[in-house]
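Okay, so here's just one chain, in structure tokens, the form predicted alone.
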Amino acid sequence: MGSNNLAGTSVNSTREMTRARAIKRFKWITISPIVVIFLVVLMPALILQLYFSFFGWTVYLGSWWDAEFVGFEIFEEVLTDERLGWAVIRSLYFSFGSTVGCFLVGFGLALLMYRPFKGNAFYYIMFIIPMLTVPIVVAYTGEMLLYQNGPINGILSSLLGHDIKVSWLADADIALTTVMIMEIWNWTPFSFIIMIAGLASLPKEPQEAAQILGAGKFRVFFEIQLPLLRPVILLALILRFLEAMAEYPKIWSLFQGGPGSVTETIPVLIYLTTWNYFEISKGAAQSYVVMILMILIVLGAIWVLRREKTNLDQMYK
């Protein structure tokens, strides 16, 4: 009897070791292409950017390898640049606003759609189409629709009964908000897909138990579904926020940072600094400062997601 137990333990141990090796091999196969691309494509670019950040060079100063070493002077200039500070504020405003808008609309649509019904495939296609539209097409279509004498003002005039002449693309007070509305339309399907997947994956047992005990739909939603969805909600918000921080095509094609500088977000400012003003070293330093900022945001997001996972695991213990 004892020998049989030992044999069974040995077989289980061998299986566990084989399984662990297979998982490790799968992880390496999955991550290897990313590591190779990083080392071959991204790493040389990052090293070159770092060189430009410490060696003052513009296209007017001859060969870039003859640039003068300036140490941290360029970083000091960038960190004390009021223009970059405002660009960060605009990017955060745009990112927070579009992220919240995308999530609220996407989550609302997901709540309407996650239970199967006849003809739901048609609505899925309609809701996902905006995300498949190229951003530059979204911008140019929006420009035609939002022209002062365009269809949007015409529709608003008909609905409200008086002439509406909103300068969506020329008014400095609403220019960034105009792009934000386009961003919400463009990326709401992203939040919709994540949230509908999260709703569909929720365990049925707690919901059925609550309904048996007499809980209504709203109570089930707020006390069971919503707490279980917290990790999914955070993931949707974080991914959408990071994407919005990098938004460039729509803002540039519509405004190029204007009117004035009210739509000059981080990507637009870096582009202007590097390719319009040809301050290559300053643009490289700005990129590094922004990269460090985004790394901190990502690390904070990972910490939040891990904490939510831990709380969820404890809930089921």
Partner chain sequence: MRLNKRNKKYIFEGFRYSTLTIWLVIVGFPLFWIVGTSFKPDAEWFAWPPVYWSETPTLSNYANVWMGKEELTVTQYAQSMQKPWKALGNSTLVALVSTSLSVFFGAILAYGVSRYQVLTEARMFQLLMLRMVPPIVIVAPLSLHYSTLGLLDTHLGLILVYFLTTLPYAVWMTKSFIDEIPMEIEQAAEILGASKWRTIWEVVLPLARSGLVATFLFILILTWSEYLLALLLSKTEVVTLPVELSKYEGSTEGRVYGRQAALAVGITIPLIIIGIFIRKHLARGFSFGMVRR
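If you superpose the two forms and keep the largest set of C-alpha atoms that fall within 1.5 Å, you have the rigid core. Keep in mind that this is a model prediction, so the values were computed, not measured. Numbering follows the first chain given and starts at 1.
Form predicted in complex with the partner chain: not shown, discussed below.
- In the predicted complex, Asp171 stays away from the partner chain, with no heavy atom inside 4.5 Å.
- The closest non-hydrogen atom of Trp275 lies within 4.5 Å of the partner chain in the predicted complex.
- Although the partner is absent here, Lys118 sits close enough that one of its heavy atoms falls within 4.5 Å of the partner chain in the predicted complex.
- Contact between Phe221 and the partner chain in the predicted complex is not found at the 4.5 Å heavy atom cutoff.
- Only one of 171-179, 92-100, 148-156, 76-84 lies within 4.5 Å of the partner chain in the predicted complex by heavy atoms, and it is 148-156.
- Taken together, Tyr123, Thr133 and Thr141 are fully in contact with the partner chain in the predicted complex: each brings a heavy atom within 4.5 Å.
- Residues are counted as partner-facing when one of their heavy atoms sits within 4.5 Å of the partner chain in the predicted complex; in 37-66 these are Ile37, Phe38, Val40, Val41, Leu42, Pro44, Ala45, Leu46, Leu48, Gln49, Phe52, Trp64, in sequence order.
- After superposition on the rigid core, the Cα atom of Gly161 is displaced by 2 Å or more between the shown form and the other one.
- Residue displacement note: Gly119 has its CA displaced by at least 2 Å between the shown form and the other one (rigid core superposed).
- For Tyr277, a C-alpha deviation below 2 angstroms is recorded between the shown form and the other one after rigid-core alignment.
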